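Have a look below at one chain only, the form predicted on its own, in structure tokens format.
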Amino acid sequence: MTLTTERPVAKTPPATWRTRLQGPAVFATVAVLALVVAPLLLEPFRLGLLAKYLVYAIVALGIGLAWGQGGMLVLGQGVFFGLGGYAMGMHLKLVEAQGDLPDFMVWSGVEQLPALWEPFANPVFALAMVVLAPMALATALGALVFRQRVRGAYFAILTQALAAAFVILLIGQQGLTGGTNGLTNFFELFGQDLALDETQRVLYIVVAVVLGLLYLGARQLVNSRFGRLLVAVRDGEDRVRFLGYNPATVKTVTFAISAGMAGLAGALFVPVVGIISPALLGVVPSLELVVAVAVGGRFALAGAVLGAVVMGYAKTTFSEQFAGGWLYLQGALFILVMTLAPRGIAGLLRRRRKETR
């Protein structure tokens, strides 16, 4: 008779039906609140503010994908947001001009429509460029940078410099981009009057649906084999390279997807808010979105979305009372969260849920 000293292997208990349904149930609850409850309870002005927060949440979702899952700290998402916003704004201005020059070009002394503007009269071309232009720029930049193994703080500074250069370019082209004022005075979207409350309500629903679909797509991507490879690149890029994979390709694809989300958000921002200008695209707005993702929780896609909505609401609320002190409050909040809760609000909620089990 032989005695064995092997210890029994502890098996992880199978997930119960409650655990499996928890994620879809939370998503369904949030979707009902966003699509049904909010339009019924909120007045048009507040609903418009919520729509703006959700637009920013789309950008934050892309940042969460690139930074939280891929380890790429992007400080220049305003560039891609601006490309999408200006593409949509150019189309709307041409539609309103009805064959004439847009109003700001007349004020600037432009006598003929620039060749760059002509294709944007076609709605299909404009909508395609909303996503394709940011993704093309991100792909070109990523292919150039990631092959040289530029990462970390160097990549972050590079994207920040790109945002600053983009703003300078927009301001310097008064007759082409509207200069400092940007593109304003949008009255119609595909034949619908943007001043009507009903149109703004439909726009809000469109923004909410787009955010929901992008979140589901991003979550599916993270849970796929590509998503696991992306996390592996974040945690050990050199090891992934030694295993035969090309981290540059993985990071470039993710960076392009993140840029496409930002471009789509910019296009939705134009009819929701009614303006697109360089002041919305520079270094500071890009940093604010990164702070929002950090506060919400960069390692969780839902945390990135939550952070954008919470920070947007906080900015509106506190700036009404402390117009000059909001930036200090924002910086203090960022330092506090990164010091006491590096995983943000989502990390705190997850830890609390584990402790209560």
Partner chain sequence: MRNSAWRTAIPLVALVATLGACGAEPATSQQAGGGEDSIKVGILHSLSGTMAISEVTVRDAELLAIEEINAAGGVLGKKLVPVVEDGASDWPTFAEKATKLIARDKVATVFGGWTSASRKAMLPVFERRKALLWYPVQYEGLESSPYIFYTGATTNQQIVPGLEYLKEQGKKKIFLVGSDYVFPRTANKVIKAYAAANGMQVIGEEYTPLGHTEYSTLVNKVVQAKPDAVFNTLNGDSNVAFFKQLKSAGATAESLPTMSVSVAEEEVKGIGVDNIAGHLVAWNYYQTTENAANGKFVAAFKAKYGADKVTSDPMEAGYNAVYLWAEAVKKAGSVEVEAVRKAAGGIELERPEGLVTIDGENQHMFKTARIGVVQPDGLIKEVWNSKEPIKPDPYLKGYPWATGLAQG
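Note that the coordinates shown come from a computational prediction; the quantities given were computed from them, not determined experimentally. Positions refer to the first chain, counted from 1. We call the rigid core whatever largest set of C-alpha positions still superposes within 1.5 Å between the two forms.
The form predicted together with its partner chain exists for this protein as well; it is not shown, and the discussion that follows is about that form.
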Contact label in the predicted complex: Y215 to its partner chain, heavy atom within 4.5 Å: no
Exercise: W326 in contact with its partner chain in the predicted complex, heavy atom 4.5 Å: yes
L280: touches its partner chain in the predicted complex, heavy atom cutoff 4.5 angstroms: yes
Exercise: T29 in contact with its partner chain in the predicted complex, heavy atom 4.5 Å: no
Candidate stretches 202-210, 113-121, 182-190, 80-88 - the one whose heavy atoms come within 4.5 Å of its partner chain in the predicted complex: 182-190
Residues in 29-52 with any heavy atom within 4.5 Å of its partner chain in the predicted complex: E43, F45, R46, L49, K52
Cα displacement of I345 between the shown form and the other one reaching 2 Å, rigid core superposed: no
Exceeds or equals 2 Å, Cα of Q330 between the shown form and the other one, core fit: yes
